[in-house]
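In structure tokens, one chain follows: the form predicted alone.
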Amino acid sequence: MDLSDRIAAFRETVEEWLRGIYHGMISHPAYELIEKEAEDQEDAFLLACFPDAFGIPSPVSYYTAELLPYLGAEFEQWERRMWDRGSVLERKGSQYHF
């Protein structure tokens, strides 16, 4: 192994290490925040469409029931998430109190 091969191997190791640091410090936390915000938006949409799932009467339930075949898999996950929460504001509050 000559000097140029050693330099190339060292450069690859440093690049991989720097990519890992960048991912761990900058991009991964950003992805987590984006995923949480998207999930919150989805929860708000489904709550607006299907409030009767939680005993809140809604005059538009007849019309939003047509969306149920398209949102069936998401509906079950959403309903489980909403029942697991202590309150609707619990998740938002946890973003500000680490």
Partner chain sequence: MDRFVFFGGKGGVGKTTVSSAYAHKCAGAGLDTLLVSTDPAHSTADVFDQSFDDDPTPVDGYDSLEVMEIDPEEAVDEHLMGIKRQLGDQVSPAIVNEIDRQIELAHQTPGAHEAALFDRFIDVMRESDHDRVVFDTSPTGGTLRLLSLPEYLGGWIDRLLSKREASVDLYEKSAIGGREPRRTAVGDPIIARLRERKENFEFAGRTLREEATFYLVANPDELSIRETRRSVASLAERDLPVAGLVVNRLTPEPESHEEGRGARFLRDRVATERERVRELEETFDPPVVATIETRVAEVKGDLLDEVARELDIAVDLPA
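Positions refer to the first chain, counted from 1. Bear in mind that the values here come from a model prediction, so they are computed numbers and not experimental data.
The same protein has a further form, the form predicted together with its partner chain, not shown here; the description that follows concerns it.
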Y62, L71 and Q77 each touching its partner chain in the model of the complex (heavy atom, 4.5 Å)
yes
Taking heavy atoms only, is I26 within 4.5 angstroms of its partner chain in the model of the complex?
no
Since the partner is left out here, which residues of 13 to 52 would have a heavy atom within 4.5 Å of its partner chain in the model of the complex?
Y31, I34, E35, E37, A38, E39, Q41, E42, A44, F45, A48, C49, F50, D52
